[in-house]
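Before any questions on binding or motion, here is one chain by itself as structure tokens, the form predicted on its own.
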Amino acid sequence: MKDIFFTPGPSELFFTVEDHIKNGFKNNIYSISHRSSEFKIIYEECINRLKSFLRIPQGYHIAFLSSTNEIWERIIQNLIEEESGHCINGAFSKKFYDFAILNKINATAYNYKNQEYKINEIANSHELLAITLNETSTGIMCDGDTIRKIRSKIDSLIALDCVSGIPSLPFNINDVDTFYFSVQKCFGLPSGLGVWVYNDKCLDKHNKLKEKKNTGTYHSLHKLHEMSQKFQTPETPNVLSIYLLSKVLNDMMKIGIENIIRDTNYKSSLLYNTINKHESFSPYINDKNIQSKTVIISNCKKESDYYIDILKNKRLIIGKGYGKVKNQIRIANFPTHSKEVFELLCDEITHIK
């Protein structure tokens, strides 16, 4: 038995990735020019599969970047002139806010400590409001109904961080103007690719803004969008990741997004039930309305290394609490994790003394 990674990212590779990498070598995919017709076909195929699998509506567009950290910077440069609002419930949503401050944006922080967003507190005056589908550091989820309620109140641009949520946590894409994710979590791919989805409203805002400020060089939204219309990127891209994402999207389409969501719900319920019944563990987030289904976090009586080492001896690799937390474990529940391996993990957790 090989190691099975339940770490929250990078995580276990999707089970078809190895074969796709080998086929890419056989077909010399990783040596083709990013200006060639062969690459344009790969790019277009990936874009079309993203739109089909995620059911992205008309009027939304896709660009490929290096990471979501970069996408935060692009959003700040291209969509915000003076001020923004940030709903913060963990380290990553806080980092987006910090990036805005560093870029001299008058950013407002709405801090939520292990609780739901308080929608009535959020002002409707921001140029852009940043919210998070699933906060990887704290295991807090924002469901589709909450996003819809935020949309019904907020007229400004809404940006949704989907890094450890999509495609496992459903939401209505029309409720946000831009959303983004990296591929090393739910899509089970090697790290190094960020996917930025933005709508026409974002393009309109950018076109007005670029006359007033520098919105970036080769990665301005104008340049990214211009090149994407030709199924290209401004610079030499991560051809490997785009190729693999396209192939894994095709595999996931065969499984079906509804099946992925259903399996995610089953596996998360199984793990939370296991944690709740164990004398050494307790959920970090007690409110079931916001308990993450994709990154499950548990408090533990002993330091996390004790439990991590026991499971590692069984070839089951789980994660530590984020940052300097010593008495927490984090367990990823992504589409690549089958129900069978989750049942195995829960069985081994049950036997920990």
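Because the structure is predicted, anything quoted here is derived from the model rather than measured. In this text, residue numbers run from 1 along the sequence as written.
The same protein also has a form predicted together with another copy of the chain, omitted here; what follows describes it.
Engineer: Scan Asp175, Asp263, Glu127, Glu73 and let me know which has any heavy atom within 4.5 Å of another copy of the chain in the predicted complex.
Structural biologist: So the residue touching another copy of the chain in the predicted complex, by this definition, is Glu73.
Engineer: Which residue among Glu258, Glu279, Glu235, Glu121 has a heavy atom within 4.5 angstroms of another copy of the chain in the predicted complex?
Structural biologist: Selected residue: Glu235.
Engineer: Taking the partner as it appears in the predicted complex, which of 246-254, 137-145, 100-108, 151-159 has residues with heavy atoms within 4.5 Å of another copy of the chain?
Structural biologist: Heavy atoms within 4.5 Å of another copy of the chain in the predicted complex occur in 100-108.
Engineer: Does at least one non-hydrogen atom of Gln229 fall within 4.5 angstroms of another copy of the chain in the predicted complex?
Structural biologist: Contact check for Gln229: no, nothing within 4.5 Å of another copy of the chain in the predicted complex.
Engineer: Can you tell me whether Asn286 touches another copy of the chain? I mean in the predicted complex, with a 4.5 angstroms heavy atom cut-off.
Structural biologist: Outside the cut-off, so no.
Engineer: Given that the partner is absent here, does Val239 sit within 4.5 Å of another copy of the chain in the predicted complex, heavy atoms only?
Structural biologist: Flag for Val239 set to yes.
Engineer: Tell me, yes or no, whether Ser31 is in contact with another copy of the chain in the predicted complex, where a contact means a heavy atom of each within 4.5 Å.
Structural biologist: Close contact exists here: in the predicted complex, Ser31 approaches another copy of the chain to within 4.5 Å, heavy atoms only.
Engineer: Using the arrangement in the predicted complex, list in sequence order the residues of 179-208 with any heavy atom within 4.5 angstroms of another copy of the chain.
Structural biologist: Heavy-atom contacts to another copy of the chain in the predicted complex: Gln184, Pro190, Ser191, Gly192.
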